[in-house]
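Here's a solo chain for you in structure tokens, the form predicted alone.
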């Protein structure tokens, strides 16, 4: 914003902006930083310090242990696969909920939020009842690696749906109709008009989905059996290390999960920015 100089209409000067915080803003910022530090920064720093307490050799030995490597590999592969499924399925479900009208829509809206409402141990009990050794569906996934994928799918289902749905509701359909009137096909409209607007929401939902899966424990306890090299995930390895009074090993594994999650979040952010620009 500019303001013309008096008597010289042809010249303008920028409006002065006050960058000083008010007393209320300063207090609010201070409280926010203290709260964020207590809940996030200090605990994360403590984990990293504990992980490095035994030296690099001990850290490397903890995370390259054969059983730990198998658990990390299974956890990352399952979390990544489930996140990809959620990106597609979650976006499709959000699209149906926003753009279509059908009987039972309200019930579907309610069912999608069940993984948010259920305690994870209860979710594990539900999954065991349906997919355990006495499965009424004939699907016996207990004590297999498939149980990990199933549990991750259950607890991460709502993230992409609930992130994409409000964005879809705010999209102006007149833009899509204008593109259609100019001869653009449905695929082109989705790729060039809709997808760039949804990309940030999809990326945010995918990041939440991946992070939740990486740290999931409760829904796996009853179904997976925690079998080494078969269905054991990193959260179980961390708990085992703590029970064996090996805090450094537990912190080392947690630090690896932290780094992997941060890398995935950064990669998703870069990807969604590129998609938005190309649109």
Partner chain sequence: MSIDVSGVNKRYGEFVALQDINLTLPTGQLTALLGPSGGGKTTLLRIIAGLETADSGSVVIEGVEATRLPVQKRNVGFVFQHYAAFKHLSVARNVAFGLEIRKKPKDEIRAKVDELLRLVHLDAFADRLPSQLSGGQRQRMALARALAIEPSVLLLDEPFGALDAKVRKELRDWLRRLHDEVHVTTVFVTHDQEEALEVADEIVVVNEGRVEQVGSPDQLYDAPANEFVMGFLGEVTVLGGVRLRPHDVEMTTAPVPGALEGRVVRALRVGFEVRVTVDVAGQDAPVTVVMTRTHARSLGLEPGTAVWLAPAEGATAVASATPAARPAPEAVAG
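Here the structure is a predicted model, which means the values were calculated and not measured. Numbering follows the first chain given and starts at 1.
There is another form of this protein, the form predicted together with its partner chain, and it is not shown here; the text below is about that form.
Enquirer: Using a 4.5 Å heavy atom cut-off, which of 67 to 75, 145 to 153, 125 to 133, 170 to 178 contacts its partner chain in the predicted bound form?
Expert: Correct option: 170 to 178.
Enquirer: Even though its partner chain is not shown here, does residue 192 get within 4.5 Å of it in the predicted bound form, heavy atoms only?
Expert: The answer is yes: residue 192 has a heavy atom within 4.5 Å of its partner chain.
Enquirer: Answer for residue 204 alone: is it within 4.5 Å of its partner chain in the predicted bound form, judged on heavy atom distances?
Expert: Residue 204: no, not in contact with its partner chain in the predicted bound form.
Enquirer: Closest heavy atom of residue 185 to its partner chain in the predicted bound form, within 4.5 Å or not?
Expert: Result yes; residue 185 sits at the interface with its partner chain in the predicted bound form.
Enquirer: Could you confirm whether residue 115 comes within 4.5 Å of its partner chain in the predicted bound form, counting heavy atoms only?
Expert: Looking in the predicted bound form, residue contacts with its partner chain do not include residue 115, since no heavy atom lies within 4.5 Å.
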